[in-house]
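Take a look at this one chain, the form predicted on its own, written out in structure tokens.
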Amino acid sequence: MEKIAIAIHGGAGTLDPSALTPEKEAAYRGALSAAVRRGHAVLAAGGAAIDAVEAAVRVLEDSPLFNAGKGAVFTAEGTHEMDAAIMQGSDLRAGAVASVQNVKNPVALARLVMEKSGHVLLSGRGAFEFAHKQKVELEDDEYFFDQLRYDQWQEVRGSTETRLDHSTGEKKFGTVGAVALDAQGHLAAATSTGGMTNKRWQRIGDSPVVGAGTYANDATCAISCTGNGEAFLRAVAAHDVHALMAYKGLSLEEAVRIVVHEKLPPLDGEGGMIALDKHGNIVLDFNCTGMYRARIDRRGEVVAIFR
């Protein structure tokens, strides 16, 4: 069988196993499985890695369980500002959007930025105008309303405090992402997020920044990160894995270990990343208690939350 592989994540952080009821765990596992299978189906049919990561991330964006798309958290103004990026490793083309509102699938808009705009990163009103011109699917504010997200916002509304995507007893960076290797040997990565609850000033994290939260290069690897965005930005975390492989000749596993466990912690860089190299090796690593994740390769499907 051709060497195809895909991995996804639905966020990482300080997760409390006791706060995850059997029903909630089953829901998360089901959503992760559905997303990774959707992406793998694209690869199995001979499709491109870029199509696979977009397909997988769209499934996660459509689920209210994750802080992206439909499940995006509330800003200080009571709105939803979403960020996303996508990148293909064959030619290093990339597209990204930041602080977009009312776009059902930000990852799909990021893909159009890559293919139709002549640019890499569009933000705010300009990104929305581009979305309208490209006729991407839009939704009204009601579509993005989720009672849990609203309750989370009410706890800090009116203050300067920002919160991660969290449930009782846990602290989670709720970004979603995917990395894939297709039968032609090409890599791709995509990441999408709703950011932090009660965020102000159109704050943008690492997810839509190429090299920080998202990166793909056929010569080495594809990476999607989830964590304290400010730290991942400062560490240029995703690109650093590529650099350790390209310039020091390290394996994917060792490069990810250095970035996740040595370079990020001094920067308060709690979180993790999913990584895939050109040989089909998958590494899902994190420096916190858990990461919502799934993978499918020649060994089959694995869905996990804790270590």
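Residues carry their position along the shown sequence, with the first being 1. What you see is a predicted model, and the numbers here were worked out from it, not measured in a lab.
Below, we turn to the form predicted together with another copy of the chain, even though it does not appear here.
Partner contacts here mean any heavy atom within 4.5 Å of another copy of the chain in the predicted complex, and among 182-190, 91-99, 137-145, 151-159 they occur only in 91-99. The three residues Ala19, Leu65 and Phe173 each lack any heavy atom within 4.5 Å of another copy of the chain in the predicted complex. The partner is absent here, but in the predicted complex a heavy atom of Met87, alone among Met87, Leu109, Cys221, Ala72, sits within 4.5 Å of another copy of the chain. Shown without its partner, this chain lists Lys278, Arg29, Arg257, Lys263 as candidates; in the predicted complex, only Lys263 has a non-hydrogen atom within 4.5 angstroms of another copy of the chain. Glu115 falls outside the set of residues with a heavy atom inside 4.5 Å of another copy of the chain in the predicted complex. Contact check for Ala127: a non-hydrogen atom falls within 4.5 Å of another copy of the chain in the predicted complex. Using a 4.5 angstroms threshold between heavy atoms, Glu270 stays clear of another copy of the chain in the predicted complex. Proximity of Val209 to another copy of the chain in the predicted complex: non-hydrogen atoms within 4.5 Å are present. Contacts between 221-248 and another copy of the chain, taken as any heavy atom within 4.5 Å in the predicted complex, involve Glu230, Leu233, Arg234, Ala235, Val236, His239, Asp240, Ala243, Leu244, Tyr247, Lys248.
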